[in-house]
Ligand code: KIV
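In structure tokens, one chain follows: the form predicted alone.
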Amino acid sequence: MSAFDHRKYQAFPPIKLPNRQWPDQVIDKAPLWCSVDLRDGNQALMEPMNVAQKKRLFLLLVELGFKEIEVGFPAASQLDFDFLRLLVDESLIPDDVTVQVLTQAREALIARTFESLAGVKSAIVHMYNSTSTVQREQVFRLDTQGIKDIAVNGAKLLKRYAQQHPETHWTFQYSPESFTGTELEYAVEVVDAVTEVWQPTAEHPVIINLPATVEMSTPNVYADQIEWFATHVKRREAMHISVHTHNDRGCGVAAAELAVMAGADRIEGTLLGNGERTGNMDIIIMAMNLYSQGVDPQLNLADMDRIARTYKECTRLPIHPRHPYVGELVFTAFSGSHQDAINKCLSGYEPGDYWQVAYLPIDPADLGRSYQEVIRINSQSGKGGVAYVLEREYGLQLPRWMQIDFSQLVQQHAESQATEVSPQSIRELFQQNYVESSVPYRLNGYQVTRRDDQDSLVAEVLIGTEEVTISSLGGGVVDAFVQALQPHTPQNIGVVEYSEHALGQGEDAQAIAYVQLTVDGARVCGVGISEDIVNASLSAILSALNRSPAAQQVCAA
């Protein structure tokens, strides 16, 4: 018998809900958002974030508008404990932001949790224990009363420890972990027992989180579970029902959206869906789905390139080029018929009109993208061919976004010459357009020192005929250099993509750096080559800037 045997699995039973109301509901306002990037997302990384990366991601989440941010499991991790203390001691938590921490329903962990929160103005203490049939019977080997006792005892401990710290505004959260594998009647019984201890009110509600710890059913069944729970639980008016969906079946966003239609008030998720196994619910996708329907998501996602860049640098994870709303190719049409339809729609669009453009569910400009990414030359083989020749003949390993940029120059050159373009001509075209671009910005020298996970950069840059000294601190040399350059260019600049590799082998090998900048929303590529990788990186940034409209303004000045 083949190991691939569907008979070892059974269908998830449907929920008896003959009068379900959620299918007729429409989401007309954003739910409460809680980011769990720094806890659930962080624990899923092969290389967990260091303190500097966590701090950077926390500040981004605050800037995006999150009012509730889960920052860790401080009782189980000294690193999480220390990071929370850093946020408190450095006063990095705004008054309108509430941090959330996770703990199991055990006194030693609860005591340590409250210790980590000393001095916090407001906090959500998120307690959980697993209630599912398989966890009860095979992991904990306890009956239903035993599992409920764990939850009730934990609730009492939370209440007692919170009373010892009246200076903090406490919100209690309880999760019957593995909710989707728990009998609904029993889930309600456990939650009712917990809220009986806490005695929440409409003025001071608790959070009841109903996680799809493992996605086990189609999203409509999860919505039925949420609606059934919401209509049977006691003290519904004194709680926010929260959902925490995972993506094991690829339906995490759909399950969360249907859960909101079924009565959920709050969503826990991560940026771009980072999480264990196939990931958590992707908050960016759900928020942008609301945005595309005319609903204010209550999150500021206008600078998507910066969000993506910070995400990649903090998590060290790639972003799929077709990721909804964020991927490099998501607004790109290679098909000629698609290009024609988009072009015609855009030519008739007037600001203030409702957005109705074929193949584009939202306006790329809303996310800081330009229309250069929308319509590209339909020459997949051309891009691949150019890249192959450059790597085979000269060892240049162009990243995909560089291939796309350069292939357009090659095609223009080929059309103007009406002949085959040789490998030597391709290399010369590459050199002339990227490497030799040195006006008006040119690097004359630099010095870099590193301390406390930050780079201090001092550089001499020739701008036109004037040499200026610039300096900055950043999370890396590239970041520091861009920050230092910003006051000396009339446009807003930022790094979207960066790649580097060695040219050749041995002591005489050179380094090549490729960079893609955004200059007032337009993407511009640059290249630097040097025996020194830092020199190559800085030169690549100036190369891109020299190829942008900003260069013309500087020259004119």
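Model, not experiment: these values are computed from the prediction. One rule holds for the numbers: they count along the sequence shown, beginning at 1.
Beyond what is shown, the protein has a form predicted in complex with the ligand; the following relates to that form.
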Find the only residue in 175, 247, 315, 289 having a heavy atom within 4.5 Å of the ligand in the model of the complex.
175
Of 475, 219, 211, 364, which residue is found within 4.5 angstroms of the ligand in the model of the complex when only non-hydrogen atoms are counted?
211
Per-stretch contact check against the ligand in the model of the complex, the hit in 123-131, 304-312, 106-114, 250-258 (non-hydrogen atom, 4.5 angstroms):
123-131
Taking heavy atoms only, is residue 523 within 4.5 angstroms of the ligand in the model of the complex?
no
Could you confirm whether residue 102 comes within 4.5 Å of the ligand in the model of the complex, counting heavy atoms only?
yes
Should residue 40 be classed as touching the ligand in the model of the complex when contacts are defined as heavy atoms within 4.5 Å?
yes
